[in-house]
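In the form predicted alone, a lone chain appears below as structure tokens.
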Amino acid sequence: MLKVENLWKQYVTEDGTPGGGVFGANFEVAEGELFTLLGPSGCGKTTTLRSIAGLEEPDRGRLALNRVDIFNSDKRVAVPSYDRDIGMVFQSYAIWPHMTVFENAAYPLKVSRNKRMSAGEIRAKVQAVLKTVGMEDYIDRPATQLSGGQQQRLALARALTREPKLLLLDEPLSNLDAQLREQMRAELLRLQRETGVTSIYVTHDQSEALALSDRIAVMNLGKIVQLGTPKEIYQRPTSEFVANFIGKTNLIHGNVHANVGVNASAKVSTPIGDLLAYFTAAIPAGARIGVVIRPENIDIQAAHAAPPAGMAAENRFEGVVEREVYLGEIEEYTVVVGKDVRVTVRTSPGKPIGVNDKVMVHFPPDRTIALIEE
């Protein structure tokens, strides 16, 4: 549905020095896919989205929608935003306060340059879309009398009434409180699956991206640093930045003493001892390594307890519990291992382990990921 090739947009500050932007982005979005651009503020994700929408003109590159160029710097093609057949939901919703719910949702149909519809057709279409987003009972309500969640639904309805080929969503849930944000996240996913509209979602919220996306492009400093499914991004990060940005992780630095090939396992010398780790990329002997492992992937048990049947002999270390935090559905421990290395462990509640207890922690080798140190 969408192809992005070598997209560049460099901003320049008032004194003429280079600022942020997006530098050489390449990705494709399949029809019906919910694709997420994820990264910290200033990483280039909104610039990428606005370039696709036609609200920013890139310096160079190519954008093709349904195999038709909407921007091509080599061929000097730049289709205006109103002719791109793209719907967009902004972070601020951009609801017109002087209009009713119906008038807001109907506006794209009334001003459409491609398809003229009668008043009856517009009303029928708007009613159907408002019903889809659960706003049919508010059709004549003034926009100023809507809650934040209702405004978000209306903004989505307005984008959907024109039946766009591509729907762009720029941090649409960031203005909602935590509980409503979680409800609307589920609602967005339901609507996207029901309508089948190809969507690109921009967010800095990792849990939002993991919950919603078919695939995620993680961005940093204007570049895509990893692209994959939520599971691939979370379980197989390819850089320390991705590992640290996506959820909570443990990071231990060390050295590798022999050449290691891609998708191979090898031992890394670390301050807590040798760690058998999985390598996502080929790494030369002598390289400094960052070993990452998620807190929920670490096994913990009392030091005197026998290891569970089938547990690998490698990556078992003795430690002392320094801190215990009860978080309801999980228990979080800070364990001091080796020479003052602190490891965070998350497990289900109820283990007979407390502060100052000696424990044994185990890092499953297939979940212990080795990366080039950044």
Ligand SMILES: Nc1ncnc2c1ncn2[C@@H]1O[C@H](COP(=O)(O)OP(=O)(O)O)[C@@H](O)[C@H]1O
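A quick note: this is a predicted structure, and the numbers were derived from the prediction, not measured. Numbers for residues come from their place in the sequence shown, where the first is 1.
Omitted here: the form predicted in complex with the named molecule. The next part is about that form.
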{"item": "Options 326-334, 46-54, 340-348, 28-36; stretch whose heavy atom lies within 4.5 Å of the named molecule in the predicted complex", "value": "46-54"}
{"item": "4.5 Å heavy atom contact, residue 61 to the named molecule in the predicted complex", "value": "no"}
{"item": "Interface membership of residue 21, the named molecule in the predicted complex, 4.5 Å heavy atom rule", "value": "yes"}
{"item": "Touches the named molecule in the predicted complex: residue 307 (any heavy atom, 4.5 Å)", "value": "no"}
{"item": "In the predicted complex, residues of 230-252 near the named molecule [heavy atom within 4.5 Å]", "value": "none"}
